[in-house]
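This document starts with one chain, in the form predicted alone, laid out as structure tokens.
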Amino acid sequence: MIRTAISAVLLASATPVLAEIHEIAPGEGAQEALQEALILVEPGDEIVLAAGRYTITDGLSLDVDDVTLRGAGMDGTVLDFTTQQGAGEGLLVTSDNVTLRDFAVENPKGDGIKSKGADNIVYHRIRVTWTRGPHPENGAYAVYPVESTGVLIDGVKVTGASDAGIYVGQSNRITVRNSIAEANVAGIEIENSRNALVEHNIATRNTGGILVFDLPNLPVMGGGNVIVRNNLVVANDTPNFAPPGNIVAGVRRGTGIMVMANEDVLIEGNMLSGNPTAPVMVIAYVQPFEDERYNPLARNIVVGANAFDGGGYDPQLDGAEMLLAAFGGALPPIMWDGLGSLYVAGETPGWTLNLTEAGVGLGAARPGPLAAPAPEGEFDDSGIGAPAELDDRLG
């Protein structure tokens, strides 16, 4: 009898604890119930938000690993931060292996959803919107993973961010796909990050559609190994509404895809239409800096075969009238400052500022037709993109 009892205890202790589902419904007390669930949830648990609108007056946070936060769809479950107190983000995640899916965040005072140091995070069918449209007092970032290894952003929609709609910074192994970035300053931005794949997205009505940046004086430096492929980048013509002093406040209205001070970037298979300053822009960082680790030039940037239609017709550039006259009424689709190294496949036309050093300003430019060499061999795409196992969470 004693031996049987001991065996039963051992068997019970060896059985994994079943994951718990925490169900939250809108209405009175919903905010408190949700934040309590985010605090008390255990690894492996799932928090399920029923359809409806949730009035949230304070920021939410999650710091437990292996948790799923799930709603009833980006138009079915809405976390409404219109009356939020303070200026923090709507939701902050600081734990690993988290899945956020099928809900919306509206009108946060700060960023929409920020994840920091959260490895292997998935954003799936999330919507973040500032409903008043473009405005400098909107939050800076809609979807904002930073300092992470393993980021999958799939099926997201972001609107109205005063900096970037989808921003991934200081991270590694990233995929941004099947998403819509509309009416932000920067639609999609990859900054100081490596091994990023940006594909099958729509970037429209932003100031700039897709930006790949590297900036000085950040904890993680040396961005590169980025593929921007098979995206629709169209009609990015919203005037820049970033607050003064933001780095993206200098992005010219009408920029399609922009690479600045990055290395090993491939741009191919994209359709670019109606971007009035430059469908593709490749430039150096021009501000003063003291970071000895930093290289301000764009290096080994490859522009492959893309489809261009109707860009460069109203450039937000000094001397625009003379430039348009010189190039027959519209600028060629590729603009390069002449610094670093650029390769162009095929016969896509472009123009260059022919600068000899960074930071000297457009007054030193000697504009002329672009004569860039063809790429040297195949682009190495090994290790680029989010870890494949993150796809398993999308079912």
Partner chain sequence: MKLGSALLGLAALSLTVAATGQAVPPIDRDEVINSQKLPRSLREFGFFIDPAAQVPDQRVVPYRLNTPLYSDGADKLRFVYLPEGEKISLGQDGLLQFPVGSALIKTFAFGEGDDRRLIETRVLLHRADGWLALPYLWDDEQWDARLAVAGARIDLTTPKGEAISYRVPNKNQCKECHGLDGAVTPIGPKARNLSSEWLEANLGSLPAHADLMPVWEDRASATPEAAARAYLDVNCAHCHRPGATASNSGLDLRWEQDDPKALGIMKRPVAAGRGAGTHLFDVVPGKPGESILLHRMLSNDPGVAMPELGKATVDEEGTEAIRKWIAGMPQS
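These figures come from a predicted structure and were not determined experimentally. Positions refer to the first chain, counted from 1.
Another form exists, predicted in complex with the partner chain; not displayed. Remarks below refer to it.
Visitor: Considering L331, L339, V67, L38, which brings a non-hydrogen atom within 4.5 Å of the partner chain in the predicted complex?
Guide: Selected option: L38.
Visitor: Identify which of G250, G133, P239, P243 has a heavy atom within 4.5 Å of the partner chain in the predicted complex; exactly one of them does.
Guide: Answer to the contact question: P243.
Visitor: Heavy atoms, 4.5 Å, the partner chain in the predicted complex: which of 316 to 324, 229 to 237, 165 to 173, 258 to 266 makes the cut? Say which one.
Guide: Result of the contact check: 165 to 173.
Visitor: Classify Y123 as contacting or not contacting the partner chain in the predicted complex by the rule of any non-hydrogen atom within 4.5 angstroms, answering yes or no.
Guide: Answer no; every heavy atom of Y123 is more than 4.5 Å from the partner chain in the predicted complex.
Visitor: Under a 4.5 Å heavy atom criterion, is K116 part of the interface with the partner chain in the predicted complex?
Guide: Although the partner chain is absent here, K116 would touch it in the predicted complex, with heavy atoms inside 4.5 Å.
Visitor: Find out whether any non-hydrogen atom of A87 is located within 4.5 angstroms of the partner chain in the predicted complex, and reply yes or no.
Guide: Answer yes; at least one heavy atom of A87 falls within 4.5 Å of the partner chain in the predicted complex.
Visitor: Even though the partner chain is not shown here, does R205 get within 4.5 Å of it in the predicted complex, heavy atoms only?
Guide: No, R205 stays farther than 4.5 Å from the partner chain in the predicted complex.
Visitor: Determine the residues of 201 to 226 with a heavy atom within 4.5 Å of the partner chain in the predicted complex and present them in sequence order; the list may be empty.
Guide: Residues within 4.5 Å: N217, L218, P219.
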